[in-house]
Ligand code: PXP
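First comes one chain, alone, set out as structure tokens in the form predicted on its own.
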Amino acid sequence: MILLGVNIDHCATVRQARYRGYAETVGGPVEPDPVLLATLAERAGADGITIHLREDRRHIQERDVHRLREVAQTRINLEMACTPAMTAFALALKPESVCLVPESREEISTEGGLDVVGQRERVRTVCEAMRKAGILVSLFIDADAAQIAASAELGAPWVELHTGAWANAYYGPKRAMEFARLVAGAKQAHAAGLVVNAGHGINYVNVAEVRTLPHVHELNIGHSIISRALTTGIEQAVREMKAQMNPVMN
């Protein structure tokens, strides 16, 4: 059974669009509350909650992360940049897992995988710090042979394959080629002893294909679930996605 990690960042995006200047992140007129959304997602069957505290704090705020740490019933997966400040924050928070991602202030959402090859020592430093603290590390990477090999060499137990290129090509002529890259990457990662996760751009349509990736352990999905929740509610949105991820189980 493929696990579902629900990314709650875009709930905070909606809140910040209206209440960015408020001192509080919850209470009074401030809504929606991403932490409440997370608890409802867990109640509906989410296997973990993914949350990205960006350096520019464009959506998730530190208080959101600390409140989630207090109430989460499943697993917190903290997406983070490879910086000393974020490393210190994660070590103090002690989430069950962290996912190291690239971060650009210009992008709307994370685009492209982490360059493990080009930033080997920087990534190694963060991986070792997390490992010593008992925090599981995942590396968000493209399905590239060199990046996968470097991830295995650094000893990160998990990788999350970036599915954005395939999702963007889903209705175009390069879809089959991009999916073949993901399949090859998943096989290589599994053979290297890595747990294989996937995420970015997965929705209620293309999940039918991405769930067939070999060895896939977990899918991390945010935007599509939050979008569906606007019309169905978060609990129904999570149930529908889990049903489509694991149709044989239903």
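All residue numbers are counted from 1 along the displayed sequence. Nothing here was measured: the structure is a model prediction, and the numbers come from that model.
If you look for the form predicted in complex with the named molecule, you will not find it shown, but the lines that follow are about it.
A heavy atom within 4.5 Å of the named molecule in the model of the complex is found for exactly one of 185, 34, 199, 48: 199. Interface residue among 150, 127, 99, 90, judged by heavy atoms within 4.5 Å of the named molecule in the model of the complex: 99.
Proximity of residue 189 to the named molecule in the model of the complex falls outside the 4.5 Å heavy atom cutoff. Within 4.5 Å of any heavy atom of the named molecule in the model of the complex lies no heavy atom of residue 239.
Using a 4.5 angstroms threshold between heavy atoms, residue 228 stays clear of the named molecule in the model of the complex. Contact annotation for residue 223: at least one heavy atom lies within 4.5 Å of the named molecule in the model of the complex. The stretch from 38-46, 177-185, 200-208, 63-71 that comes within 4.5 Å of the named molecule in the model of the complex, counting heavy atoms only, is 200-208. Contacts between stretch 2-17 and the named molecule, counted in the model of the complex as any heavy atom lying within 4.5 Å, involve 7, 9, 10, listed in sequence order.
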